[in-house]
Every structure is written in structure tokens, then in C-alpha cells.
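Given next are two forms of a protein chain, the same chain in both, each as C-alpha cells and marked structure 1 or structure 2.
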Structure 1
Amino acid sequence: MAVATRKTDIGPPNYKQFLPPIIQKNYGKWAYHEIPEPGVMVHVAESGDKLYTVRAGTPRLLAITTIRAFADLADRYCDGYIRWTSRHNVEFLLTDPSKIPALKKDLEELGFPVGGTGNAISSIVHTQGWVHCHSAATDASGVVKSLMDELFPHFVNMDLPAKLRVAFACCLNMCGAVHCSDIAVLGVHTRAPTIDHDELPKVCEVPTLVSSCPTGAIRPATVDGNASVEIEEEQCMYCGNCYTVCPSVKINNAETDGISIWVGGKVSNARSEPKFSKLAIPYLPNNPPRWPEVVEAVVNIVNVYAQNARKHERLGEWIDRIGWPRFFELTGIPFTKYHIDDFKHAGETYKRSVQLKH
């Protein structure tokens, strides 16, 4: 007996139904792609069909009016097909290259520059910062805007040795891709949390709070007859996991929270294996609204890399070639005790690949 089937609403819809017809037709049969100019790509299929992509940088947080303006442009130039990348770029997918100049003109009149392709800086992927995140050590959108105002020429021009990916996370929870980016900006807490012992028993579960600490720094304790916790400060690494599960253990500190800079990471496995970002600058102060110390540090690293790296050499590959002592010398960044990883689980982060440099 045949079993009746019915449609359900369980699970996401199949993504292929949202693809432009040219992509559905040539799915899995793309021969190559080229970048004829900054912000414009063309993918060529085995059939000879060509798909043009125009990429523009956008903020992470968009107003509804902006999204409607993008939708209008998509309807006007590319049959309504539009997408966002994981780095907050908006991409318009066209089959008619004659429409590209007018689309670029309209985008730039709206204030959205075209670029971020090839040997350039793409938009900075970043977290939520003070606008929404409960455990942010610094802002996100404000720092990223300050950085991109200075790095903008590298977005609209392809003048770097290789592509450069910059990421931002406002705390160690790392909602951004700071663990594997060429340059990573990371908000850091530098003091152990303070505990509200009166509030804690009313809003938190002590076993959950204790188990939230990755280093075992939090232990059960009785304070003024109430169940609470104590923190071994020498074991605390200021990650803020405890604050995530218990708001009575307060990690935010306006005077001591700051920003660190990490370098050399990448996801790509082209030419060399993927790499984790490594510490370059352990602490810079929070100085809104323009964070001048952070901007100066990142611009300096970008400039030194641009002047010294070989063509197609990612920032981490350049550092591997010249060595870390030379990197610190060229950038003028002081080497301190904080660059030495003495964390008890540090061995888990050491290089264990069978790929060796000859």
C-alpha cells in the first residue's frame, strides 16, 4: 500500500530555489573567475555563460530604508538577485555587464563604495559591541568605522600584496573571525570579575556558574550565610564566560577594559596551511569615539606589510618568511612578557601539522 506523503515546515527551504537562473543552470560547472576592476568579479561557466558580481561595503547594522534601497537597485539592475557576504559586503549579481557603471554610480551616490575584491581589504567582519552585547570589553561598530575611514584606500584599490582580512571581536567569546584573520582586533577584559554576593543566590545557579569557568578559577563559597562563589584571580583569564551565565559576576570594567591586536591568521589553505592569529599588541586603551591608538597600530601594521611582503604573500606567510623578531623590529611593536604563552593548556595550540617548511 502506498504511503501518503505531505509537506511539512520542518527545516529550512532548499537554498537552490533562491539562486539566480544562470547559477542554477551552471551549478557546479564554473570554469574560472576574474576581477576586471576593484569590486567587480566575473565568473565564467563551462557553457560560456558569464555572471558578474558588483561588491559594495556596508555596515553590519543596516536600516530598513537601506535594505529597501538595495532591493530597488537589485530590481533595477539584476532581476532582484542580491546577496550579503559573511564580511558584511552586499553583492549584486548581473548578467548584463553594460549595467555595471550605472549600478556603481548609484551605489556610490548612496554612500556605499564598491571594492573589497582581490588584493584589497574587504569589509571588517565584527561583533555587536556596546550597541547590544552584554559582555563587550569595547565597542565594535565605532572601532570598525574609525579603522575603515583610514584603510578605505585599500578597499577601493587592489594595491596590497595579497588580500587582507581584518576582523573585530569585542570580547574573548569571539563572535567574529578574530582567531583566523590577517589582522584581528579583540576587546579584552584585564581584571577578574567582581561578585555581587547579595544578588547572586537570587538569580544564578552556583553549579552552572562553577562549571562555566574553563580554568577552574570559580569555586563554591558561603558568604554571609548565603551560597555564593569565590574566584582564584591567578587562575582567571578574564574570558567573561561566568558573566554570560550569571549577571551577578560582573566582568565589565570601564577603566581597565581595552583592546588587543592579533596578526597572521587565515582560513585559506592556498600555498600554506591555515593559520591561527597570534598576539602582536596585548593592550591598547579604550578611547572612544575614534580609538586613535588602535587605528594607528592597525594602519602601521598594514603599511609595513604592504611595503615589505612579496606579491601574493598573506600577512602570516610574510611573517613566517622573515621571522617574528624581524616583524617586531619592522613594525616597532615592543616584545613583552605577554607574548610568551604560559597558559597551562597552551600545548593544545602549538603547531602539530605534518606540513613542514623546507
Structure 2
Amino acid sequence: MAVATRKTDIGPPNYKQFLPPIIQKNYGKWAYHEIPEPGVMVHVAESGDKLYTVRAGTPRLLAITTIRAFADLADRYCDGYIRWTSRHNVEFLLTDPSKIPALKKDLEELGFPVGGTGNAISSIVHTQGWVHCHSAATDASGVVKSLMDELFPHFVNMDLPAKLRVAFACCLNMCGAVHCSDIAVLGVHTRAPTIDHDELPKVCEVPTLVSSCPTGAIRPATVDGNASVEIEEEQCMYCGNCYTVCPSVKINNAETDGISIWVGGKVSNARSEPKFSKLAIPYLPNNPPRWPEVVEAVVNIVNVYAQNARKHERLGEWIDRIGWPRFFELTGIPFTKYHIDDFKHAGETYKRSVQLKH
């Protein structure tokens, strides 16, 4: 009757065992920090102890070969202590600043650039895309790679008016919750799903499928004698929830899926309150492997912002100051009917004053 003990519900390991001694000693007693060069921070404790952090960008998708190489670098330079940031950067925690140049050299030889601090573009928070997601309207890693190759100077320098946060999500589910980013790149489906009526009765439960639709656009229907569904296309907002529960309702569309660009969001409370990103470009084509239209659009917005914003002004704060008409004028982005909200509370977004610039 002996049953092997099966461990469950132990939770994550206690973080305390992973903190370097200098952090254990100065925990909660840090006095200030500085950024002596891009990608390097020094945190000074009340005790006078100094902790040096070297930050490197990663593509988020990492092979265990690379993680083992990071572990070796951590052993060589920082007694084995290492962490990641909320934006997929890897950080090495050193007590000896004389080791920083050699660590930077090793990281760069491995292919991981040091940067992402201060008034820079840090790594792009992003989702799975075609690498591993069922509802992706585009790839994530490929668009992010293409963007970061062009935005690279802003990762390794700190030459922007303020920090600029770029995020990417490959569909409206927004696993990357991109909706409060300076620049959000969002994959969009633009057509209602097509239905494989032969396959559907064999692989899907109709009631589950019907209830999966957030707008009630899916109804049971008999098609060629099969129990299937029909979709009220005007009610569909292309979210893909139905495809999640039933692979016979196909949301992905090679011809019409694409990418939208949103601007001016932030989560920090600094100066202005946190805000959502707003639509800048409703649709750009899916054009792998380098997505040139998307890259060009984002680089243009970054450049116009860098040339026009005041010091410390985030992208959304700059737009709030100059106004949306001037944003569209300066960036040359056309304003269309798609920019005007027509969902719940849309009226709150209409301009209801004559405070206009002529």
C-alpha cells in the first residue's frame, strides 16, 4: 500500500536564499543610486556599501545553453548571484567594480548588449506569437527583433527625453498587457472567424462554443444536417476566444491579420497619472521576416518624440501638451474614422470644447 510521497503546493522557493550577502546586509537600507554609464547602476547603502548592477538585454526566449552560460558568468563575476527584471533584462550583481569591463565584454561576445537604463528604450515586453500561441495575429519575437535591431542605439545610449517603454502583444488578449505603454504594438485580427462545419461537430461542444463569445455573436445552427454554429459578423470583435475553445472556428487569417500601433500610455505615477495608450495606426500589414512597415512607423514616432519633447516628458505627456492634432501633423500619420472610439463610453473621448489650435 506504500504510495510514494508526492510533493504539491510547496510554492516558489524562498527568495532569501537567492539574495547576495551585500543585499542581505543592506536590505531596505539603500541610500541612493546612480547610473555611471548606460546599462550599469550603482546602489549605495546607508552603510556605505556599493552594489553594482550590469544589465543586459535578452530576447526573452532563452535556450538552457544560454542560461547555463549566464550562470557561469555569474560565478565568474558575482559569486553566482543573478536576477531578471520585469522587462526580460538579465542583471548581474557585483561588489567589485573593477570586474565590470570584463563582464561587459563577455556579455557582448555572447551576443547580449549592455544597456536599457535611464532615458533609454529598454527591452520590449512581449508575448509568444507564432512560436507558441494559438490566437496570435502575428509573430511576437520576430517583430520585436526587427524593432530592436533598429532601435538599438536607444538601448545602449540614454539619449531620449525620458524613458520610453515599448510593448508588444500578438492579439487583443494582450498577454503582454501593452495597453499602458509609450508605444504599444498590437497584432489584430480584422475579420470574423471562418467555420469548418464538417469538422466542428466532431471536435467541439456547441454550448461551450456559444458561451465563449463575449458579445453573443455565436448562435447554434444546423448546417447541412450537422449541429454547428453561425456567427453574426457585425457583432464580432475578432478576440479569438471562440478559437480557444474550438479549433474549427478559425480566427487566424493569413490575408487580413496585421498590426496596429498605439501611443502615449504609462504606468508610472510620475508627474501625470497613469494612462492608456491611444490608437496611432489602426492597421499595418504582416510582412515577415522583418516587418518593414511596422519598424518604419515605430522609428518615426520615436524620432519625432525625441526631437520635440522636453526633458523628463514621457511620450504621452508630450502629446498631452501639444495636442493630438499636432501629433498627427508632426508624425505624418493619417487620422481616420478608425481612430474614433465606438465602444462603450466612446462619447467621453469626443472633444467637447473650442480650445483648438488653428
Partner chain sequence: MSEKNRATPLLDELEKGPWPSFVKEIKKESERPMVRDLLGLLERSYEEHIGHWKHGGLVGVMGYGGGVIGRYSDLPEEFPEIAEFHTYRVNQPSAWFYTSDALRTLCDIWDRHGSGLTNMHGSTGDIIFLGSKTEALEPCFADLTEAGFDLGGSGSDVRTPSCCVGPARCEWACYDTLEACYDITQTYQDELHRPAFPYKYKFKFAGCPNDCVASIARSDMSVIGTWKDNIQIDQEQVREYAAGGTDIEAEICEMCPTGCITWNGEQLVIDNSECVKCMHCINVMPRALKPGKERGATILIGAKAPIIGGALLSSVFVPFLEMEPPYEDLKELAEAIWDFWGEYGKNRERVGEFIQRVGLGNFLEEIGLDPVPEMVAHPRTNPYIFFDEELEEDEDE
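Under this definition, the rigid core comprises the largest set of C-alpha atoms superposing within 1.5 Å between the forms. Numbers follow structure 1, counted from its first residue as 1. Since this is a predicted model, take the numbers as computed values, not measurements.
*Do you reckon the form predicted in complex with the partner chain is 1 or 2?*
If we ask which form is the one predicted in complex with the partner chain, the answer is structure 2.
*Angle, in °, that the smaller rigid part sweeps relative to the larger one between the two structures*: Rigid-body rotation of the smaller part between the two structures: 9 degrees.
*Angstrom shift of the Cα atom of residue 14 between the two structures (superposition on rigid core)*: Core-aligned C-alpha shift comes out at 2.6 Å.
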